[in-house]
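This document starts with one chain, in the form predicted alone, laid out as structure tokens.
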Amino acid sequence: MPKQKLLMIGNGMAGVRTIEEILDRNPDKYDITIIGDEPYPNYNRIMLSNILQNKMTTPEIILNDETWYTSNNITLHTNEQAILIDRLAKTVTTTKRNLTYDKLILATGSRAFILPIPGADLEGVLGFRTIADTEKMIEISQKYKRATVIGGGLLGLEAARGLLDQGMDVTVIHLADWLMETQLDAKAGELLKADLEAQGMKFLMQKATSKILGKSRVTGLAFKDGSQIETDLVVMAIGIKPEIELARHANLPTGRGIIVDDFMTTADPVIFAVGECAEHNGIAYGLVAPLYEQGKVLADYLCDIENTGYRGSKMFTQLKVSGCDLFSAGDIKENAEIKGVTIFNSIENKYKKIFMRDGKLVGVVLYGDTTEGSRLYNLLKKRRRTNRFHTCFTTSQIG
């Protein structure tokens, strides 16, 4: 019996992990072809900040080299873009060829969100999403010295730290009152900002960018309050936008992402979506752990293994910047139902706060000492009832 043709659009972490899971379950079930629009095999996008921070090189972040594809009989087309899905004919047209499929996985990922403001298309304005982006930032740092990062979230701070390591004078522009406001409370955000300022990073808080200045390349930024700064490089790190255009043009339902059910199936029973491009129960996840969970569910489904389906994920956040140890997970906003308990060692700047609802742990923020992160995260996932708050951490644990 001939193998079914499994075609995957996207060669990123979520998609290739799904293929690895399929190979673990039934390596002979599918004839697999993968289309990737970058000129590289599968690499660890999370480690781009380590390249920028001079901790790793590009070859070191490759997860699956060309020999892996060959040894697993996978046809890989790199530097090639899918441009059309014909659901009736079950074909995908790329920039170089036409491919047929029996089953199709959309693992198109996402792209950096670029503010739709005047000057966003100037030379020297970049996202931070690919190896090419990272190499361009390093190249610019050899010629220019002033960098501005728009966005004081996880990715923006990692980019800013990397640009500091490249010898640039770095200013972070952030719209909110404190850094990483979706993952940290105000106190932890204040501690993080102080530590990063001690490393040489500058901040302009509560600033909304209205225009990028320059003629052919960037020379500065203008803000809605009328102020301006000079800069030679602008890195946009204000979020991601799922790549859904292929699916939308194929008349597959989309919201923020490509809408899927609990088995990562789209409205077409032979087309699936996994990773940052997928939207499950109204959520498009941008962190790797949920995407790997999705890959396991999809691999089971494609290999005819019974599975209860994907039920959503609880996420946690850690920052890859030396000298700034933080951990955040769950619901961290206090309200009528959620209450917080705080311990703060002001001598060593160690801050811990847990958030409770109906006697159960629902969120945690740790700064300065993250040793309790894994244990608290496991408690959070289990939604276990605590014996008051000191079953999670005590004053003796913060020292």
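Numbering starts at 1 and runs along the sequence shown. Note that the coordinates shown come from a computational prediction; the quantities given were computed from them, not determined experimentally.
We do not show the form predicted in complex with a small molecule, though everything after this point is about it.
Ok, Ala222, Leu122, Ile138, Leu287: which has a heavy atom sitting within 4.5 Å of the small molecule in the predicted complex?
Checked against the cut-off, the match is Leu287.
Please identify the residue among Asp185, Asp232, Glu243, Glu279 with any heavy atom within 4.5 Å of the small molecule in the predicted complex.
Only one option qualifies, and that one is Glu243.
Is Ser328 a contact residue for the small molecule in the predicted complex, using a 4.5 Å heavy atom cut-off?
Heavy-atom contact with the small molecule at 4.5 Å: absent for Ser328.
Answer yes if any heavy atom of Gly36 is within 4.5 Å of a heavy atom of the small molecule in the predicted complex; otherwise answer no.
Within the cut-off, so yes.
Can you work out whether Thr265 and the small molecule are in contact in the predicted complex, taking contact to mean some heavy atom pair no more than 4.5 Å apart?
Close contact is absent here: in the predicted complex, Thr265 is far from the small molecule, nothing within 4.5 Å, heavy atoms only.
Is it the case that Leu155, even though its partner is missing from this view, gets within 4.5 Å of the small molecule in the predicted complex, heavy atoms only?
Contact with the small molecule, yes.
Taking the partner as it appears in the predicted complex, which of 192-200, 223-231, 249-257, 77-85 has residues with heavy atoms within 4.5 Å of the small molecule?
Going through the listed ranges, the match is 77-85.
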